[in-house]
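Presented as structure tokens, the chain that follows is alone, the form predicted on its own.
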């Protein structure tokens, strides 16, 4: 029986603690081949995001191209990174960093995405877990990109769940709503993994302690340190999270939906993003085929697949099993 080749992924990220979880899950899972990383602003400034991506890969013994991308939103005023959630350095304020080698790819992230997709048409999945400026810039460089990409999976947005930066908006979409609307309406196969499911998956800090104790490796020790900082914030601000001393999975679920799609319930609909006003960053989903008089909801808007429900306990098991596997060279 022929083995199914792993999914080739360009990972667009702003590490970020949950981004680090997602990266290490992807590196640990045999069904995923991370062929490149592009970085954006968001949880940290873009330069710190690039440094963190290089550092996390080096700790894990992986040599993956990293290209730095956009440093600010397309149109809205930039927001300060949430250092109180991820730490000023994005990784829970590491006490020290061991010396590592590794240099950035000289290409801007958008060009890296375009080049990589053109080299392997129909094979590349874009997994984006930060603000979506790099994908929007890639679309501007290559309008034909949606026909060349295998699919796009993004962590961001919300349909029914309350937002986390406003009553209606999720942080990644709110940080660059114009870019997000361009991505949702581009016409490529797109799956949205938003707060409707990520707020259902609360990962205990103890899980990451078990992973660190099992591997006895600087990579998993670094992840455990970062998650401890992240969990302290969420546990203090959300009673449901505090009851287990943990944190939301958020970004890692963008990879879990690739490796375990059976754990998610998806619904198709046309998604648009509010780009200004009090609803800035809201992801609005047309779930019924109703004719609306307002411009912007016409039938030419492509459908997205939106995760609406998740088997939370099974996701936690999958994440722990993957991170406990033999994926780091000791």
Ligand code: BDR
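Positions refer to the first chain, counted from 1. Bear in mind that the values here come from a model prediction, so they are computed numbers and not experimental data.
What comes next is about the form predicted in complex with beta-D-ribofuranose, which is not displayed.
Proximity of residue 259 to beta-D-ribofuranose in the model of the complex: non-hydrogen atoms within 4.5 Å are absent; the residue sits far from the partner. In the model of the complex, beta-D-ribofuranose lies within 4.5 Å of some heavy atom of residue 164. Taking the partner from the other structure, beta-D-ribofuranose in the model of the complex has no heavy atom within 4.5 Å of any heavy atom of residue 52. Though the partner is left out of this view, residue 190 does not reach within 4.5 Å of beta-D-ribofuranose in the model of the complex, counting heavy atoms only. With the partner left out here, beta-D-ribofuranose still marks one of 68-76, 95-103, 212-220, 170-178 in the model of the complex; by a 4.5 Å heavy atom cut-off that stretch is 170-178. Put simply, of 247, 226, 135, 155 only one has a heavy atom within 4.5 Å of beta-D-ribofuranose in the model of the complex, and it is 155.
In the model of the complex, not one residue of 201-228 has a heavy atom within 4.5 Å of beta-D-ribofuranose.
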